[in-house]
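The data below hold one chain only, encoded as structure tokens and taken in the form predicted on its own.
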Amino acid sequence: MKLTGFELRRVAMPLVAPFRTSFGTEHARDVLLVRALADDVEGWGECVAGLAPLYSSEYVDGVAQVLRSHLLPAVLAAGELTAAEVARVLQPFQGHRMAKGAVEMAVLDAELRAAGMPLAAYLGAVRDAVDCGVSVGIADDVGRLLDEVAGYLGEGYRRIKLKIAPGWDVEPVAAVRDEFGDELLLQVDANAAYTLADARHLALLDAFDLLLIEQPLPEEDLRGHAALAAKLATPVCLDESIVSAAAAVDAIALGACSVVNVKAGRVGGYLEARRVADVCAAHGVPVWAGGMLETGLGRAANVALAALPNFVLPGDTSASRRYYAQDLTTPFELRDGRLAVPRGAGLGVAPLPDVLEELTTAVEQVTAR
């Protein structure tokens, strides 16, 4: 595909309610969209980087800078290329996986639209709908948490994930398990808030028959995760630590995890995300699709990814209204606890023009030099 240019578009997306984790509280997303332009087709990518470098070292202003100054000029200078070649072209630039993933997503969407092929089919999906879980942020008190969980279960979500942090862990988990029973699929996510010294305390969570505990220790502490996993009955799942398929292989070999959360933005794109899922499958490690408060664009791609064979646990592929009163695309709606996999070419969705115009805060063009 011969690309003629790219558009960088910033979009302000207020959340329906504040979302609190161990590393901060989000009230809105400043979304950076990448639009790939060719002579007869366009494609959309969404960057999942946050406003500040809290979840990862990448943040939206930094992503915009590296895209305009380095990554997009390199892709345009490459001439004709496929989405599968984007990673090779961008390989000389170290890191910046979220930025690279947004570029690849835009080029892949354009390529598949031109070919008339859905992303799910291209990736190798085996389901036409995926089971959905929901991520529940840290609440002001246990009573409010129980009300929030009850609401999500009433909507049909098939799995609940509770964000935890020191001082907000055993008590809320115990309350949710007691209130909603043993049949509830329940897991927790620490976002790297603990250390190995907390192992005895974290072992108290074993009493609640959790699906998993996600990323309890810092990103680079694979040996610590392996030591912790040996002390817990609850399976350890890695998120922030899994930045590539190679990282997944290392983590599994060390015994640092027995489940993996796959986030395409975190690993550099949906093609690498598929490789992560494949290597995990080869080692007998199940995976599930994480979420990063995506708009309908990223949500469409995540749902397609979650339809692959080794995604056997409900992911954080929530309905649009979980986060946004007005999504950028036609909203994703829950049906019997599931979301339908888009069937249209490419992502299968596109921004609603009027909504996109209303929520856009800045636009810039990047063309070949």
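Residue numbers here begin at 1 and follow the sequence given. Please read all numbers here as calculations on a predicted model, not as lab measurements.
Keep in mind that the form predicted together with a small molecule is not shown, yet the notes after this line are about it.
Contact annotation: the small molecule lies within 4.5 Å of heavy atoms from the stretch 155 to 163 in the model of the complex, the single such stretch among 246 to 254, 155 to 163, 114 to 122, 83 to 91. With the partner omitted here, the residue from L145, L293, L76, L212 that has a non-hydrogen atom within 4.5 angstroms of the small molecule in the model of the complex is L293. Across the proposed site, E58, R97 and S241 without exception lack any heavy atom within 4.5 Å of the small molecule in the model of the complex.
For F311, no non-hydrogen atom is located within 4.5 Å of the small molecule in the model of the complex, even though that partner is not displayed. Within 4.5 Å of any heavy atom of the small molecule in the model of the complex lies no heavy atom of T234. Using a 4.5 angstroms limit between non-hydrogen atoms, D189 touches the small molecule in the model of the complex. Looking at E42, you'd find every heavy atom of it more than 4.5 angstroms from the small molecule in the model of the complex.
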